[in-house]
Structures are given as C-alpha cells and as structure tokens.
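A single chain, nothing else alongside it, follows as structure tokens in the form predicted alone.
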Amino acid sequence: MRFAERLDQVSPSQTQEVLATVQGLREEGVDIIDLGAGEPDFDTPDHIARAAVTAIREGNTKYTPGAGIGRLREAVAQHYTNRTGVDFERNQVVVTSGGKQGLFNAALALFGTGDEVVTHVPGWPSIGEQIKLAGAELVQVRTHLDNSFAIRAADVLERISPRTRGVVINSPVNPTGALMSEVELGLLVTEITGRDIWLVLDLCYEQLIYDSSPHNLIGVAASKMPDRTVVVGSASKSYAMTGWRCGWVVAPKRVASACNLIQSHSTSHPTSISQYAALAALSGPQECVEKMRNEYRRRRDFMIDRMSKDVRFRTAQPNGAFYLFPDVSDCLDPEGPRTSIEFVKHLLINGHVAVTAGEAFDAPGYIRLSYAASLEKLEEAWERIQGCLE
C-alpha cells in the first residue's frame, strides 16, 4: 500500500506508544506506576470543571467561530498582557485543539519546501516532526547535561543559514525542564531581527517555573521583532486540562488569520465546552496553579535527592515543567539492557515502572522520568527501579 511521501520523513510518537503500552498492561491487571506520561496527575480544578458543566446546561454546545469564542480570545490576550507587559488584542489569538495544534498551524502557515527551521534537542519530538510535515528541513541544535541543557544563542546562531526561515524555542523544555534565559534570547533576536526569520515560542509549561529566574521571553522578543514572533500556549499543563485539548496561538494579525484559515479546513475549532472551561481557567482564581507548582517542586526535590545518592544516574535540576532527564549510560551493560530503549523495557517488564527512552527526544542513553505522581508513588517507583538494577 502506498502512502504520501511526506510520511517517509515522519516518525511515530514514542511517548504515545508508552501510553498505549501502559494502558494495555493495566487492562491485563498489571500494577504499573506510570512516570512516562507528560501529564499532570491532578484533577482539573473544580471551578473549571463546573464551568464546563454550566456550558452544557446552558446549551453552549454548538459550533463556535473558528478562532474561538470572543471572550476566551480576550482572556488569552489579557493573560499575556498581564504577564509580559506587551499589549495583545483578541484578533491576534486563535484558540486551538491543544498546544500541539497551535504549533502545527504555525508550522504550516510559516514554513515550506526549501526552508530550514532551527530548534533544539533534546526536545519535544512533535516540533521536529511538524517542521518536516510542513515540507521544511529540520536543523537541530544540541544542548548538553554539563550545562544543564541550557539553550545558548551562540549555538542557535551557528546553525542559521541563508535558507533559515524560522527558529522554534520551547521553554521550559520538554524533556529537560531547562529554560532559555532572557539574556540568551535577547542575543538571539538581536542577530535575527530584520531578517526573513520567524521566532516561534512554545511556552506551554511557562506557569510551571519553580524559581525566580526572569522568563519574560515574549517581552524580549516583542521589543525587537514583534511582527515576527509567534507564541503558542496551552491550558493542558498549568490547569491540569490535558484531555480537554485547548491551546492557542498568539501572533501578528496576518499570521493569526493564516492559522485560522488552516484550522478552518481541519478541526474548525476546539470543542465548545473546553473553550468555556479554558475561559474559567484563565479568568478565575489562580491559586490552583500555585498549589500544583509547589507540589511539583516538592516532588522534584525528592527525586533529585534520591538520584543524587546513586552515581549511575547523572541529572540536572530542572527549572520548570515536571520531568527529570538523567543520563543512564552507567546502567547499561552488554550483558543486560544495552540501550536506553532496552533499559526502559526492562523497567516496565520487571519493575512495572513506565518511563520514556531518551531516543524519543533524540538523546540515546537518557530517560525521561515524569514526577507528576504522588510522593508515595515516586518513592515506590524508585524502590522498584533500584530493585531492577540489583
């Protein structure tokens, strides 16, 4: 059977494969501790869930405008204006079915055959695959454990060429939890301002930053290239709304119109009910975000403490998101698991702990371990991992 040639360039999502494997084992009655999913373990906050129920009862279950309901677009614009000091209008906002669709819409709108698009690895695999689906050439900048996977402007600029059409930055980074600093982004935008290059900022984890590191990347970019900056965000991580599938693109008006055009011929718009829930998330009390962030910090510190006592795990302390990304090369053995993929399978089959192999993020020898689980689960998972290593 013959498929379109574009599929020859695209790899399956290994994170989705892990999720499917875990679900299958659980259906067989196996007690799995899942640290592989990039998903909050908290329930969606009550006031958000109630807003969805109210939307259903009030009959808000019809089609909405393709770019999203007006009040939600206003709320997204105000959310970023309040956080960054940059003025946004609702006609710059397109509401999407999760941050992933927002990034995909932007890739299809901005990049095409003959273009090069630069992004960083280890990184979220869908960014690269979407660039390839858009017909552009993926150019990767590697970050390293020895400097905590920080994204450096000099490394990005080294990969810029006359064919470069875009730079995509994810901060905090999935899977490393690293940040791109304001200083580094400032150095980057200073060099690419005035060139035919788009800057796409994936900020889906931005409300889950643990320390006081300045992270107004939007403000930095808007000061020099406001007409060339595209922001993608999501309700999924900050508000524990992964299954609701609601994100957004905030962009110059002509880019927002292009994203809306693409979306009008694919999903039309996100679920109406999810949009009303996201409106409640952005407009309602924010204590729930702080509560979850503080708990993630506690869990991060717990796992960092455990790993620091085992020399076989080398890791950096993440500044945001809810992942650890340790180098497990010292756990590999010609007589046992020889790759991080085999190591992950070993943990799943023998320890009933699910993590994700670094190969999914273009980083063989590493694993991504999500600490979006209770401290009790994390402690038990660590004991199981130690048992497997013994």
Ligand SMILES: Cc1ncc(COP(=O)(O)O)c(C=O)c1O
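The first residue of the sequence shown is number 1, and the count goes up from there. Please read these numbers as outputs of a predicted model, since none were measured by experiment.
We do not show the form predicted in complex with the ligand, though everything after this point is about it.
Stretch-level contact check against the ligand in the predicted bound form with heavy atoms at 4.5 Å: of 186-194, 93-101, 305-313, 270-278, the positive one is 93-101. When the ligand is considered in the predicted bound form, only one residue from 229, 170, 319, 263 comes within 4.5 Å through any heavy atom, namely 170. Exactly one listed residue, out of 149, 80, 239, 205, brings a non-hydrogen atom to within 4.5 Å of the ligand in the predicted bound form: 205. Although the partner is absent from this view, residue 174 contacts the ligand in the predicted bound form, with a non-hydrogen atom inside 4.5 angstroms. In the predicted bound form, the ligand sits within 4.5 Å of a heavy atom of residue 124.
Using a 4.5 angstroms limit between non-hydrogen atoms, residue 299 is distant from the ligand in the predicted bound form. Residue contact check for residue 245: one or more of its heavy atoms lie within 4.5 Å of the ligand in the predicted bound form.
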